[in-house]
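Listed next as structure tokens is one chain, alone, in the form predicted alone.
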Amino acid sequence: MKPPRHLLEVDDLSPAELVEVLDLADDPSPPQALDGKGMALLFEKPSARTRHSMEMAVVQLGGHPVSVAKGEVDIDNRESAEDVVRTLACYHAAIGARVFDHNLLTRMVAVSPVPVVNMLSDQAHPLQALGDLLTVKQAFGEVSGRRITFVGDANNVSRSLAIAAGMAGAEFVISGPPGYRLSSADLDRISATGGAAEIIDDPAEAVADAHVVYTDVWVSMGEEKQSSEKMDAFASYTVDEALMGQAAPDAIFLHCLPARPGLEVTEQVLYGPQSRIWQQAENRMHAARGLLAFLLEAS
């Protein structure tokens, strides 16, 4: 029996495997890899897109999703993370977890006999990055050679996107204020995949000739105490029509949602003709389906 394949960050896949996952995501007749089986979906952090996209991905693979709220297991209070995973693996062919602390996922992987998927942590959001690449692929025919510019915080979303973009042969640029940029460790990890991330202070310069302009909320869930500080720091990084005008003529706008119109992006851009946010949201489901099909076959 092969050991389980897990996905805690995009680079748990090889570049060739990333291509395979995206191809599986586009398959209109996906393999019934979960036929008669279940997948447990643990939510320490609530979510609309993650729960719905993951549940439907499991259904489309022939399986039965079971979403578990934080209070139902109360990890490390009622029961250790390790024992929760051991228990769930008795019933399910795979486990997904959306957590605050990435270390919790590494503990799960250490004992799990079934694939574990990171549905979001403080360090990474690989499922979002897979959906993003699928959206770029659908818009331009391929990801390689495209310039992807992220305007905003070097958070879990931008970090995973930078890794995925590098693996797919895209150019990745990020623009944000000092103190909210990719770390040297992040840059080393991106470099290890064969990619690179360029940091540019001026958002207009960063967006110049970009095929994709991407942003995220300035204050993520759990960062409410930093709200005032971050609002001040990012005040000049709003993606508006003037900024989009610096991008390539056929550029698209992406946002992982939920958005705060009037802060990180204007309504005119968020809901404008260049926006692909709803296609991007739908692609979370397709990307998750492709990933699960790959992991279950590989495990």
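Residue positions are given as counts along the sequence shown, with the first one as 1. Just so we're clear, the structure is a prediction, and the values are computed from it rather than from any experiment.
Same protein, other form: the form predicted together with a small molecule, not shown, and the subject of what follows.
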Checklist line | Proximity of residue 258 to the small molecule in the predicted complex, heavy atoms at 4.5 Å | finding: yes
Checklist line | Proximity of residue 235 to the small molecule in the predicted complex, heavy atoms at 4.5 Å | finding: no
Notebook entry, point to check: Is there a heavy atom of residue 147 no more than 4.5 Å from a heavy atom of the small molecule in the predicted complex?
Noted result: no
Next item on the list: Report yes if any heavy atom of residue 118 sits within 4.5 Å of a heavy atom of the small molecule in the predicted complex; otherwise report no.
Entry: no
Notebook entry, point to check: Between the options 92, 189, 211, 98, which residue brings a heavy atom to within 4.5 Å of the small molecule in the predicted complex?
Noted result: 98
Notebook entry, point to check: Only one of 246, 274, 47, 268 has a non-hydrogen atom within 4.5 angstroms of the small molecule in the predicted complex; which is it?
Noted result: 47
Note to self: Taking 4.5 angstroms as the heavy atom distance cut-off, pick the stretch from 101-109, 84-92, 120-128, 160-168 that is near the small molecule in the predicted complex.
What the structure shows: 120-128
